[in-house]
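A single chain comes next, written as structure tokens; it is the form predicted alone.
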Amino acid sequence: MDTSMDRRSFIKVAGGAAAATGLAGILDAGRAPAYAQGARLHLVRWVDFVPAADEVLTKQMDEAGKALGAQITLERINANDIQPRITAAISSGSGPDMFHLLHNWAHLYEKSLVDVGDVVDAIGKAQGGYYPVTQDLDRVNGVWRAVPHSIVGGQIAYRKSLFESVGAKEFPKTWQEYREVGKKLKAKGYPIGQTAGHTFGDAPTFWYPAMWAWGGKEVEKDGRTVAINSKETVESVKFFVGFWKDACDEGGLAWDDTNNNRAFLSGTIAATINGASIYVESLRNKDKYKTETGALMHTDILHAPNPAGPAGTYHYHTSFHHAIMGYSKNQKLAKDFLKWLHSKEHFEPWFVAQKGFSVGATTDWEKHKMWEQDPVMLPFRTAARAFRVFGYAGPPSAKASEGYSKYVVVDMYAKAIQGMPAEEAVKWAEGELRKIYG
């Protein structure tokens, strides 16, 4: 029997085997894939609010480099600086191979990002499937333009003892109740801390749900008709102007995403919308953060979902993704790196270090034993199951992302807080959205 194989047959069989085994097969073989000698990758990510997780990532860059036969550079910058960096890279057609995307930026940068559907499919199948919202955020015109990585749930961190001191045995169920409790707290010298500034996380996480809770929306379902100028939005703006005056630290207008963390941990505010980074930091440095009575601060922190408004309870959570730039000359290597980084084996130590501040983008991570360790973190466990995204009630779009990037909704409330009548602030926002949506 002739067992010889011609060149075409050999290539066909070898190619099929490689496809079948994929990256896992290559790594199991103990050999780095044959990328060009001196291959390099450059990833830009945010500076994480959980330093322990960044330490895990730093170690993993070396591990991934050895596995893939490449030099991998991890650069961290302030999250508020990522969009200007992406814009500059796209304009010049050169720069980092991969960027850490937030929110729905995949829509905004669609034409400059590589199709990563094969990476998304492989990870999703291995990890129980992605949360539905990831499709809204990363799948643009039927093509995955970024790989979902994690979601930071937005919950209200509050001081149990201070709330009890003004008669609140449990966290308020409605915004009106929260305003009344906050008024008492502010009178005692412990206001609610909230930003109304141009900062990536806490500002949209608070102000978009504030509008939705009264029934306000940016556009109609068609995604074209601007609908923000409504009785519902005006009523929401009027309420939160009063909420700000009655209950909030009025210096918060210019805060970024770190100011409320510092204010809370220094004992000057009683509550704030946030990820769990305040609590995680209080655990990391237990003796550093104490209450007025000398108790360890972490023992006095609880988390609660947003209260309800006349139209219901809504949340916005901050999502994170990895995208490969179209100008990159190392796109295949970048895809293999993302498969490596997002795999269960390598995502798990990063996930555990997060302690629930960031949750996985796939559903399997809700089942992880880490959640059995600390009941204070449980409100974050399933936060990613359902939340609205920018541009409601329309579909996700680049225009919705542009509206966020220009802080139209945040500024609408900020202008009213600074004295502009609510009707005029809403009319201003309508004009800004019309410039975007046409």
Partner chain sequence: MADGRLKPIAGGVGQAGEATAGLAALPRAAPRMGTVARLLEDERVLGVLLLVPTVVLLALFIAYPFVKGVWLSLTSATVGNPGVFVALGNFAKIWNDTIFQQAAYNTFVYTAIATVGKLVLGMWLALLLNRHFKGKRLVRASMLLPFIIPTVLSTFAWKWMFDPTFSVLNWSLYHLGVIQTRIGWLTDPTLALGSVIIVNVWRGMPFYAITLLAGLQTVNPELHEAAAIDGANAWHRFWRITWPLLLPVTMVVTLFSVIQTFADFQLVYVLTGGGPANSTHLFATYAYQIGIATGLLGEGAAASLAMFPILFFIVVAQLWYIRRVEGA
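Numbering follows the first chain given and starts at 1. Just so it is clear, the structure is predicted and the values come from calculations on it, not from any experiment.
The next section is about a form of this same protein that is not shown, the form predicted together with the partner chain.
For the spot marked by 255, 262 and 268, is every residue within 4.5 Å of the partner chain in the model of the complex through some heavy atom? Yes, the whole trio is in contact, each within 4.5 Å by some heavy atom.
Looking at 368, 346, 198, 160, which is the one with a non-hydrogen atom within 4.5 Å of the partner chain in the model of the complex? None of the others qualify; the residue that does is 198.
So the partner chain isn't shown here. In the model of the complex, which residue out of 353, 116, 108, 278 has a non-hydrogen atom within 4.5 Å of it? Residue within 4.5 Å of the partner: 108.
Interface segment, criterion being heavy atoms within 4.5 Å of the partner chain in the model of the complex, picked from 136-144, 73-81, 209-217, 335-343: Comparing against the partner chain in the model of the complex, the contact stretch is 73-81.
Contact test in the model of the complex: residue 249 vs the partner chain, heavy atoms, 4.5 Å: Yes.
So in the model of the complex, does any heavy atom of residue 414 sit within 4.5 Å of the partner chain? Within the cut-off, so yes.
If you check in the model of the complex, is residue 402 within 4.5 Å of the partner chain, heavy atoms only? Although the partner chain is absent here, residue 402 would touch it in the model of the complex, with heavy atoms inside 4.5 Å.
Non-hydrogen atom contact residue 87 with the partner chain in the model of the complex at 4.5 angstroms: Close contact exists here: in the model of the complex, residue 87 approaches the partner chain to within 4.5 Å, heavy atoms only.
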